[in-house]
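First, one chain by itself: the form predicted alone, in structure tokens.
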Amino acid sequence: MNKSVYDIDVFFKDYVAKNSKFSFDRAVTLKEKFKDKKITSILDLACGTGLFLNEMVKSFDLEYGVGIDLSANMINYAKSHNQSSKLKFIKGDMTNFSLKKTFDLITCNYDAINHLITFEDWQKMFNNAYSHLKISGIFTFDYNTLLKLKNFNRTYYREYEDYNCVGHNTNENDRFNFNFSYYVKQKNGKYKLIKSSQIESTFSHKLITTTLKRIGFKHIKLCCKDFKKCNPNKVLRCFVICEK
């Protein structure tokens, strides 16, 4: 896994701003999808801000929920902004953890799995998810696709109260390269430039589904964000749902 860029304060703030709506929408979608299932325990891999788990507490009658993230900044934020006694946040690597608990639902949102650069690490994450699921438990995650990788080159601009961000995304050597330039306003009115970058990888739908099946997952579905069946070769982000 690449080194966490979320320890850079300004990037961290930018991530929180973008992640809030996604977390809310994702929780609402899951609530509708699994309204007929009894889900009392959730594990969220690469939990980030913890906002998604907090929304899940509101949506489901949880007995407990656990979030794991590699970034100390993210875990500290999650602990300070999500006060439910039903939730626990742990600093850890989603490719290598052991909680001695099993869950009804395991999630990995916001293309977090793409931060695992090698497919060997994707397999480790899949195996960990499988071993921490209850029988008939559900595993769901989303990832940026090869189609997105082919159409990835773009530059964009976002403006906030105390900083501006210029993002430049490129596709190089079969990798997503995210490059960020933050112009942070100082007390004297001038701006300080802070640069950040990260890399993501992706793999074929066939390799992903074949590996999930080999590990033991069943009823594997590739979907759009509302969990409606789609042609995975025509979407930029693919949502996977499967069972143990």
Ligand SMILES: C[S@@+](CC[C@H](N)C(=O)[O-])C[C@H]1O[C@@H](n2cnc3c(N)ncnc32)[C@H](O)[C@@H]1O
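Owing to the predicted nature of the structure, the values given are computational and were not obtained by experimental measurement. One rule holds for the numbers: they count along the sequence shown, beginning at 1.
The discussion below concerns the form predicted together with this ligand, not included here.
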Even though the partner isn't displayed, in the predicted complex is L116 close enough to this ligand, meaning a heavy atom within 4.5 Å? yes
Look up in the predicted complex whether I42 has a non-hydrogen atom within 4.5 angstroms of this ligand, and give yes or no. no
Is M94 close to this ligand in the predicted complex, meaning a heavy atom pair under 4.5 Å apart or at it? yes
In the predicted complex, does I106 come within 4.5 Å of this ligand, counting heavy atoms only? no
Checked Y77, F89, Y110, F126 for heavy atoms within 4.5 Å of this ligand in the predicted complex; positive is Y110
Heavy atom within 4.5 Å of this ligand in the predicted complex: which of N82, T145, T140, S71? S71
Picking from 177-185, 210-218, 47-55, 32-40, which part of the chain touches this ligand in the predicted complex when contact means heavy atoms within 4.5 Å? 47-55
